[in-house]
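Here's a solo chain for you in structure tokens, the form predicted alone.
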């Protein structure tokens, strides 16, 4: 059996939670409350490649992450996407958006950019505060 290995580009992000299927990573960008769910299934790049049971679990975990972001940060909208253009390993972005965020209503990724937007890190102590708030909400969700 093949071992699951988290892509090194995703592994740079702190772990906010480990759920039944997915590792929940925190994106250090103060403009948007943002997590990435990574199903711990080796060699999977698309949702349809998961078993039916894992698909259902991923959907449940995506909803759970969405609720947690809503509870912790009160965004106006939750965006969910499994893009995989830069990192093919299956991962799902769950991003809280607000009418006051700097790119509203456009996507967090600008058109034609080679890399996603330039993040604005939380800094200290904002990073630990945001991560703690998120972890509490993820646990409660």
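Since the model is a prediction, treat every value here as computed from it, not as a measurement. Positions refer to the first chain, counted from 1.
Omitted from view is the form predicted together with another copy of the chain, to which the following refers.
Novice: Mind checking whether each of 63, 77 and 80 has a heavy atom within 4.5 Å of another copy of the chain in the predicted bound form?
Specialist: Every residue of the candidate spot has a heavy atom within 4.5 Å of another copy of the chain in the predicted bound form.
Novice: Would you check, heavy atoms only and a 4.5 Å threshold, whether residue 43 touches another copy of the chain in the predicted bound form?
Specialist: Because no heavy atom of residue 43 falls inside 4.5 Å of another copy of the chain in the predicted bound form, the answer is no.
Novice: Is residue 55 close enough to another copy of the chain in the predicted bound form to count, meaning some heavy atom within 4.5 Å?
Specialist: Answer yes; at least one heavy atom of residue 55 falls within 4.5 Å of another copy of the chain in the predicted bound form.
Novice: Residue-level question: is residue 67 within 4.5 Å of another copy of the chain in the predicted bound form, judged on heavy atoms?
Specialist: Yes, contact at 4.5 Å.
Novice: So, residue 102 and another copy of the chain: in the predicted bound form, are they within 4.5 Å at any heavy atom pair?
Specialist: The answer is no: residue 102 has no heavy atom within 4.5 Å of another copy of the chain.
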